[in-house]
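Consider the single chain below, provided in structure tokens and representing the form predicted on its own.
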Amino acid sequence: MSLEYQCPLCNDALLKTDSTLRCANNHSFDFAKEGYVNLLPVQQKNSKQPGDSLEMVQARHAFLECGFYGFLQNALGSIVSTLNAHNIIDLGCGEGFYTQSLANKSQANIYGVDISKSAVKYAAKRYSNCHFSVASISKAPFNDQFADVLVSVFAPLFEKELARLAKPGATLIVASPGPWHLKELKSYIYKNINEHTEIVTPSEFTQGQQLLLTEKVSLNFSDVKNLIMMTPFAWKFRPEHWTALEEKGEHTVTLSFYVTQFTKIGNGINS
């Protein structure tokens, strides 16, 4: 697989020599033994260990390996399999659950980017058919108009960066929470549960096809705990909530996702 990154310090091209990426200004970045490269400069960090913690990564990996989100993974792979792409970036790739599925459905170069070193390390150890890097998705280490396809699964959308990365005519695929995603679990901590709405079309893109995927699954306490730990509202669960969840045992939970395709405004994917 070819490899194309730009230096996060000076934006020059990075060339690979042995296990190091180096630019013309002699900025160098070594590959870790797991196969990923850390392209997150200190000045782009907002904490000592930005992104998901190891505990969150382990919880998400354990939950996803059970296959509960398999229908979302399959939907994303099916969409990508129809697209003629050379470079695909999974922005906010986490531990690579979706990234490696995209690689299995495409002949493109697949790049997974996440700010969490723990997540990227997990991904790189398991999936050798993708390029993984630790980097900020608000300032991704790629040239302008690099991507034929951008994928974002529950990750923040930085509109200017999406527009910069996408070629004219490129496809942006966004997976976001469906109307009543996890409503049963949210009822433990919120008096009123609001529906999730569709995401707003990013600037310089037009909206295309949208799918609404919904399934109800039966989860034991261990599964529920892992699911909560991988969500942003985990910190709102107090000891009494965990006790109530454990006492109930089996839980029926709604899993719901919007999968929306957008097209970068332009004259075509190769323009």
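In this text the structure is predicted, and so the values were computed from the model without any measurement. Numbers follow the displayed sequence, beginning with 1.
The same protein also has a form predicted in complex with a small molecule, omitted here; what follows describes it.
In the model of the complex, does residue 93 have a heavy atom within 4.5 Å of the small molecule?
-> Yes, residue 93 lies within 4.5 Å of the small molecule in the model of the complex.
How about residue 71: is it within 4.5 Å of the small molecule in the model of the complex, going by heavy atoms?
-> Contact with the small molecule, no.
Might residue 64 be said to contact the small molecule in the model of the complex, defining contact as any heavy atom within 4.5 Å?
-> Yes, residue 64 sits close enough to the small molecule in the model of the complex that at least one of its heavy atoms falls within 4.5 Å.
Does residue 111 make contact with the small molecule in the model of the complex, using a 4.5 Å heavy atom cut-off?
-> So residue 111 does not count as contacting the small molecule.
Name the stretch: of 180-188, 124-132, 79-87, 154-162, exactly one has residues whose heavy atoms fall within 4.5 Å of the small molecule in the model of the complex.
-> Heavy atoms within 4.5 Å of the small molecule in the model of the complex occur in 154-162.
Looking in the model of the complex, is the small molecule within 4.5 angstroms of a heavy atom from every one of 52, 98 and 116?
-> Result yes, every residue of the spot touches the small molecule.
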